[in-house]
Every structure is written in structure tokens, then in C-alpha cells.
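Following this are structure 1 and structure 2, which are two forms of one protein chain, each written alone as C-alpha cells.
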Structure 1
């Protein structure tokens, strides 16, 4: 009998529903779909919900709500369908983000390509056409972990940290791509540069992305990136949006 899905308490803050103990597309799909289903129930005791790679968190004051009562509600909802095969939630967006690959702006493209068994040209061709899902938001405000790339992109993080990659850096490891929110040291390899800002504190919508959104990082020239950086006013960095559900 599978040990998943599994419900666990998180102190007095709420309950965590886990669909796996490691990242997989079905488990991420399940977490996203289950969170949307919880939101649609309109349960008055639920303060907010969120997701990680393979889990959904339901925030409830367990000092005011018996844990058994919420566990029963969540168990009934879990039993209502196969969440690993659930459709993704509605209201998602496809983002097409202009990206400069390689050059001095993203100096680890060749190193990452070699780790994936590709030439730099092959790597750019694959990465610029890949359509990846925002698996979760974390580490920094609005910062997306996206994936999953093909298996040969299951490359490890570096043994040593890069001292800093800039805001908007596109980095890769373990079949995932990240767009960095701020200048940050990292063990992920810097392969592309965007002008996309994931966190916009002065905006009505500070987090540009939501889990379940999808992204394509299409290839542009250094001249195009420079033009976008000099004219971008909204933080989209020249990205185009398309409603997909």
C-alpha cells in the first residue's frame, strides 16, 4: 500500500498533504490540483494555502480547529479522485521570456552543456524551445523553480558557489531552470540572462508568476537584451503573456 498521499501536521500552523518524497511531474500536478480543490471548498477555517514541489500546505489555526476535523475533511477530499492524474488548475499563464544565452552575460552555458552531453549550440536549441512549468515559488520572493527538462539535464549543482549571479539570471541544475529574483551566490550554473523581474514590490501583483504557470525562454541577441533592459518599465522584460487555462 502506498504511503502517499500523506497528511502531516506542521506544528499549530496547519496541515501538509504530501504526494511523494521526491520531485515528479505527477506529484507536482497533484499538489497544484489539490490546492486548487481546497481553495474551491471555501472552508471558513482555512487561512491560506500554498504548494511546494510535491506538497500542498493548508494553513489553519489548530488551536481553534481540532486537527481531527480538518484531517477528516482533507482525507475525504483526497479520496474523491486520483490526484496524480488530475488536470492542472485553471487560470494559468504561459510566459515567453526573451533570453540571451551564453556570452559574458551568462558565462557557464558551455560548462552546463558539456555536463548534459551537448554542444553549446545544441543546448541553446533545446533550452530555448523547452516549455517548462513553474513547479513552485521559493528561496527568494517570487522566485520560480521550473521544469522538468529532459533527463540529460539532470546535471548536479557545482561543488563550489558562484559568488553572485545577477537579477534575472537563468540558471540550470537537476532538470530545473530558475530565474533569480536578486543578485545571489549560487551553485546552479548561469546559462542565460533575462530582464524579467520575478518580484515587483510596488506592483498590485508583487509575484509575477504563480505555481502552474508555464514558461519558454526563447533566444535573443545581446543587442535585443540591451534594448529591452533600457526600455522595460513594467518588469516583464519583453515577455509576452498568454492565458492557457
Structure 2
């Protein structure tokens, strides 16, 4: 018998429904669909919901609501259908984001390429053509975890954290790419630099991306990036968008 999906408590902040213990495309779709289903139930004790890569979090004050009662509700909802068969959400966008790979602006390209068993040139060729999907938004506001890259990009995080990588940094680890919302310390390797703003707090749409969106980080020169940085008004960082579903 499969141990998934399974329900775990998260401190006293709520319950987590995990669909797998490793990233998989069906489990990611399951998490998105299950979260939407919980939202549509309108349960009064639920404060808010969110998804991670392969799990859905249901925020409930476990100091006020017994964990057993909510576990039962979630179990019943889980049993109502095969969540791994769920479709992707509708209204998705493909983003083509101009990206400067390597150079002093993204100093860990060579190191990441070596970990993936590639030359830096091969790494850029692969990464700049990869079409990845926003698997979840998290860590920082609007910040996407995207994937999945080919298996040889299953490179671990660094043992020690980098002190800070800048806003718009493209980083890689465990077959995923992230564009950082803000300057942040990280264990992921900094391989590219974009001018894309994932979080625009004073805009009508503060969050640029949604889970299910797709992204291509195409290769540009340092000169092009400087030009974009000096002229970008809306935070798109020169990105082109296209409706895909």
C-alpha cells in the first residue's frame, strides 16, 4: 500500500497533505487541484491554504481546532477522487525571460555546470532552452520554484549558504530553477541574472506568476541586460508573455 497521500501536522499552524516524498509532475498537479478543492469547501476553521511542490497546506489554528476533526475531513476529501489524475489549472502564461548567464553577475555558473557534468557552454545551451513550469510559489513573495530540468541537474544545495545573491538572480539545484524575489542568502547556486520582478507590491497585480505558468530563461548579453535594467518600467525585465491555456 502506498504511504501517500499522507496528512501531517505542521506545528500548530495547520495540516499538510503530501502527495509524494519526491518531486513528480502528477504529485504537483495533485497538490494544486487538492488545494483548490479545499478552498471550494468553505470550511470555517480554515484560515488560508497554499501549495508547495507536491503538497497542499491547510492553515488552521490547531490550538482551537482538534487535529482529528480536520484530519477526517481531509481524508474524506482525499478519498473522493484520484488527485494524481487532476489537470493543470486554467489561465496559464508562458514567460520568456531575458537572462545573462555566468560572468561576474552570476559567478557560480561554472561550478554548477561541473556538478551537472557539463561545460559552462553546454550548461548555458541547455538552461537557456529549457521550458520549465512554475511548480510552486514560495520562500519569498511571488518567488517561483520551476522545473523540472533533466536528471543530470539533480545537483545538491551547497553545504554553506552564500551570503547574498541579488534580486532577479537565477539559481539552480535539485533539477529546479528559481528567480529570486529579493536579495537573499541561499544554498542554491547563482548561474544567471535577470531583471524580472516576481513581486510588485504597489502594482494592482503584486504577484507576477502563478503555479502552472511556464518559463524560458533565454540567453542575452551583459549589454542587453544593462539596457533592460535601465529602461524597465513595469518589472517584467523585458519578458514576453503568451497565453498557453
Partner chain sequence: MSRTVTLASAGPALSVQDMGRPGFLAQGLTRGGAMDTLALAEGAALLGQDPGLAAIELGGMGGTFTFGEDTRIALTGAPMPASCDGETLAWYASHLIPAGAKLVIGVAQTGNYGYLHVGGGIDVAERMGARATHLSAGLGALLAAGDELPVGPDKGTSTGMTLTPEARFDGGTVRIVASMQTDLFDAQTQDQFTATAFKRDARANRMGVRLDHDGPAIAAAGQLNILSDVIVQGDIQVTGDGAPFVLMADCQTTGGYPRIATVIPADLPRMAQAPAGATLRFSFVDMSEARAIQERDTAARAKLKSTLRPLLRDPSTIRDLLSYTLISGVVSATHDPYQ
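What you see is a predicted model; the values in this text were computed from it and never measured. The term rigid core refers to the maximal set of C-alpha atoms that superpose within 1.5 Å between the two forms. Positions refer to the first chain, counted from 1.
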Structure, 1 versus 2, that is the form predicted alone: 1
Comparing forms between the two structures, the hinge position between rigid parts, one of 43, 158, 87, 164: 87
Whole-degree angle by which the smaller rigid part turns once the larger is superposed between the two structures: 23
Cα displacement of residue 36 between the two structures, core-superposed (Å): 4.5
Rigid core fit between the two structures: Cα deviation of residue 83 in angstrom: 3.0
